[in-house]
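Taking the form predicted on its own, here's one chain by itself in structure tokens.
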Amino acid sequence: MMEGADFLGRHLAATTPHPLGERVVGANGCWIELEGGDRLFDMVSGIGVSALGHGHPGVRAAIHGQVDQHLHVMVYGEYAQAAQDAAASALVETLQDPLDTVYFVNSGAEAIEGAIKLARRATRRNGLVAMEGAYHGGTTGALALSEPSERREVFEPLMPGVEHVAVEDFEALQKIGAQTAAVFAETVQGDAGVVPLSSAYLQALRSRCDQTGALLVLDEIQCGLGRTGRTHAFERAGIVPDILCLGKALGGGLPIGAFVASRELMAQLGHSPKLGHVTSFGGHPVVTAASAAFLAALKLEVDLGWVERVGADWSARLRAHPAVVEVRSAGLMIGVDLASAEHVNRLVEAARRRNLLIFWFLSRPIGFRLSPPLNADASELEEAFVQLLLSLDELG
């Protein structure tokens, strides 16, 4: 690893003192090509962004096609644009009523910010309930919903009115009341180390929100769009949220976010005041063209049953390894705990020597994540997993 300033040079901000310190010169399929000739098998899909691998031909063609037509022409919502229509229609086709209206933004964190505003505007309430262990993004509103607090303390005071409850604590749901605008939950908590919310708990959340008039907002920025073996992770619980937040994989490798609600609910942002939420670059035509192509490929090329089976197989084999302490998973979204943060660091380095890219969790230093491309060749993926097991063997 290299010092941030040395690696990034004079003009790029560093996010950590110790970046991975290698220069990318290309990427294709499951492979990242580095300066000097090495290739790394990407076992994390750019933290879920490259769900169909790098440079998917359909996504690439859509990008080139849109670039030849036009780039940005007007702030979002003023001109009708075919790429936006195609992406919104393709996304809504994957959802149930009443989720029929999409607001495209620039990132998952902005989707969360939009959902906060929509919930408060629609309910005329201020209170928000979120989950312990949550991660919703780095903007100040999203950070206020996130927990643990050590990543927030230096930036406080943040947005007021947020109360955190323990996941799977059914009695704590009584804290959702008459002043609660919305409850925010990741269907599968990502940065906490891959913690799926049980179907019973999600159903209880839905029921309590219905009883109190609060809106249920599900964050599937990391876990959505095929990652768990379902197009949307909440489908397993047989519920539908009032607002769904998406990002990461949705752009096929380009930056995007979206929040989705009913047309009646979303209309609240269009009046009293007008432009209740506004973005210059949300729904950018090149990005939404890529998104429409991604959604088409996800439908046609990804076997969600296979995703679930491979995830279950990997989880079982990891649990059997003596270096592994705990495994939590939902499809090909897997969190693995080792004995210590030092063991995780050693594993990342051992995997790198075997040309594998694995990565940490921000909030769980004893764990590492696995989220490989959903359309990887089965034999190639198995070979990568074997190399991971051999890397674990090196821990002794």
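All of these numbers come straight from a predicted model, not from anything done at the bench. One rule holds for the numbers: they count along the sequence shown, beginning at 1.
Keep in mind that the form predicted in complex with ligand PLP is not shown, yet the notes after this line are about it.
Taking the partner from elsewhere, R227 is found to have every heavy atom lying beyond 4.5 Å of ligand PLP in the predicted bound form. Within this chain, V217 is remote from the site of ligand PLP in the predicted bound form, having no heavy atom within 4.5 Å. At the 4.5 Å threshold, heavy atoms of G127 stay clear of ligand PLP in the predicted bound form, well away from it.
For the chain shown alone, A109 is a contact residue for ligand PLP in the predicted bound form, at least one non-hydrogen atom being within 4.5 angstroms. Comparing 84 to 92, 68 to 76, 130 to 138, 207 to 215 against ligand PLP in the predicted bound form, the single stretch with non-hydrogen atoms within 4.5 angstroms of it is 130 to 138.
Proximity to ligand PLP in the predicted bound form, defined as a heavy atom within 4.5 Å, singles out one entry of I221, L145, I243, A289, which is I221.
The partner is not shown here, but in the predicted bound form the stretch 179 to 199 reaches within 4.5 angstroms of ligand PLP through a heavy atom at E186, D191.
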